[in-house]
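One chain is shown next in structure tokens, namely the form predicted alone.
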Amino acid sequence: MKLPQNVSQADFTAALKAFAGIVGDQWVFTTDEDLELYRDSYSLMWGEADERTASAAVAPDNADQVVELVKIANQYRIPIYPISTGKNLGYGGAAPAFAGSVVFDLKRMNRIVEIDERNGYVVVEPGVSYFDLHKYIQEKGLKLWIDCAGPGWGSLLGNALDGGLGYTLATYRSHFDAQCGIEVVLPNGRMMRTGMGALPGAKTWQQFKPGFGPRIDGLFKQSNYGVVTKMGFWLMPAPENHTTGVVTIPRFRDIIPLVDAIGRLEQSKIVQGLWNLSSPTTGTSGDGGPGGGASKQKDSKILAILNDPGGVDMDKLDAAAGAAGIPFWACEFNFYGPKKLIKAQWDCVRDALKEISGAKFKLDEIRALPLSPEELAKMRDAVTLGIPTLKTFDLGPMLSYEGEDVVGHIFFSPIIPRTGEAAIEAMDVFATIARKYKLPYPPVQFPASMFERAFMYVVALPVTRSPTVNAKIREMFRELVLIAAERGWGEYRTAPAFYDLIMGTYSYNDHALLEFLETIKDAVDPNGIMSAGRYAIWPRHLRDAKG
């Protein structure tokens, strides 16, 4: 058993005994076998001295137990690290940010506290997964949808706190933006509710976000200021119909007017469903992970250009695609609602994009919801219909890298401007680094449009069990982060191994942001027990130790 830093064996033993007095002996985990479950399966430091591993884990059943556990942790100065379900693979999993922490595993707290069909909201505990909530809604026959993260086994609450995203209407896709009302146990063991929840007996806790005074909910996103034990979410009314419409655009640089036109449609709330880019010319789709972007293009002249080891000449590629009659871009839109609304939205899309020479349009059949099981089985991924799946793991992972088996991936996820010019620049930058490190990525990578006014790039880098290869991947990640930061593109989310690196790039005015976050940390968590190092917010005693 690994002791937490600066904690004696006697104090640690006493703390574990006190924890067991709250939750029961069977819910305190200390054996090596049990603690394997709290390693990051996708760690780039696997088996190395710097791997972040837990000293123990505790699984409370309710918020009152969390209160008592936090008080005990304060008494003995035990560093703790709460997780919801620990399923954010690629961003850290269940492992703590500070080695030796005791993981507070909240997956037993899996109650759907309240759901209101009339006002479209739900209140959940941390252990409620997308699968859990979807099943509950179906069993109750409620006319509500959830917006799912890629893997449906994750926690609604945990995904939102880490900045996760989904696939339906814009109002619901950014999961933290869709939350309304938080219950949190502060580092001193005191329970607090935000917004209208601070009013005893409040009737509008999940209906009115601001409350009275400063809105502080955002302080608990990507931070370590408390253990969130309940969170409200706004849910989407189940729409009557759904369809997709596809617009094909002939030339590479047509992405510039394409993005501008879609931006105006989104900012006017005419287009609210997710849209995705793919490329018939490169033969790749927008959902290709590592190795999953392998080209399906068959044209020999196009393939020769795509496989040029010196990089793709886009002018030559454009000419070859034009000669073959293949459009460069395909843009798929998702539409929801009454048929007449869908038809009106599609007409607006056609009007906005017909100015691009050579644009072609195809609207699929408008289908009544819910779809039959047979229709659902034909869908590429049902997450666009608010149905959780695990199909994100079907993206065609790399099997090996540098002669080592690939066991998983980590995500490099920069945010870039929502312009075609920025997308072209990012494609070139990331393709150049992919060639440098011999990664099998397509020459054209696609920006994700989950956010309404910015693009997100998601580059999945391989993880192995070789310390030598993993060190190379860490250096690759560092290079990507710094090159992106030089261009004004910042990461929005990352794994614990890179928290400090990325926070270091948010350095305006001599790191004023980090200084402010540390000031809050010192005020609310003077003993420094809560999630030390999460998103690079360290307690004073560990900052001093780092120099």
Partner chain sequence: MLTRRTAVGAGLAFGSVACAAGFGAYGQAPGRTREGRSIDTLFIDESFETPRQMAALVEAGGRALPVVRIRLEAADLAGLQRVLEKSQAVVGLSSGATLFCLERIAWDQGFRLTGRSQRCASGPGEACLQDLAAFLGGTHPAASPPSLARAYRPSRADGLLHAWVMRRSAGPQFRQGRRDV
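Residue numbers count along the first chain shown, from 1. As the structure is a prediction and not an experimental result, all values here were calculated from the model.
Omitted from view is the form predicted in complex with its partner chain, to which the following refers.
Checked against its partner chain in the model of the complex, the candidates Ala368, Leu399, Ala304, Ala323 yield a single residue with a heavy atom inside 4.5 Å, and that residue is Leu399. This chain lacks the partner; the member of Asp500, Asp34, Glu68, Glu479 within 4.5 angstroms of its partner chain in the model of the complex by a non-hydrogen atom is Asp34.
Remark: Val406 counts among the residues lining its partner chain in the model of the complex, judged by a heavy atom distance of 4.5 Å or less. Contact check for Asp61: a non-hydrogen atom falls within 4.5 Å of its partner chain in the model of the complex.
Of the heavy atoms in His134, some are within 4.5 Å of its partner chain in the model of the complex. In the model of the complex, its partner chain lies within 4.5 Å of some heavy atom of Pro388.
With the partner left out here, its partner chain still marks one of 101-109, 239-247, 323-331, 468-476 in the model of the complex; by a 4.5 Å heavy atom cut-off that stretch is 101-109. The putative spot formed by Phe451, Arg487 and Ala536 is not touched by its partner chain in the model of the complex; no residue has a non-hydrogen atom within 4.5 angstroms of it. Taking its partner chain as it sits in the model of the complex, the stretch 19-47 comes within 4.5 angstroms of it through a non-hydrogen atom at Gln26, Trp27, Phe29, Glu33, Asp34, Glu36, Leu37, Tyr38, Arg39, Ser41, Tyr42, Trp46.
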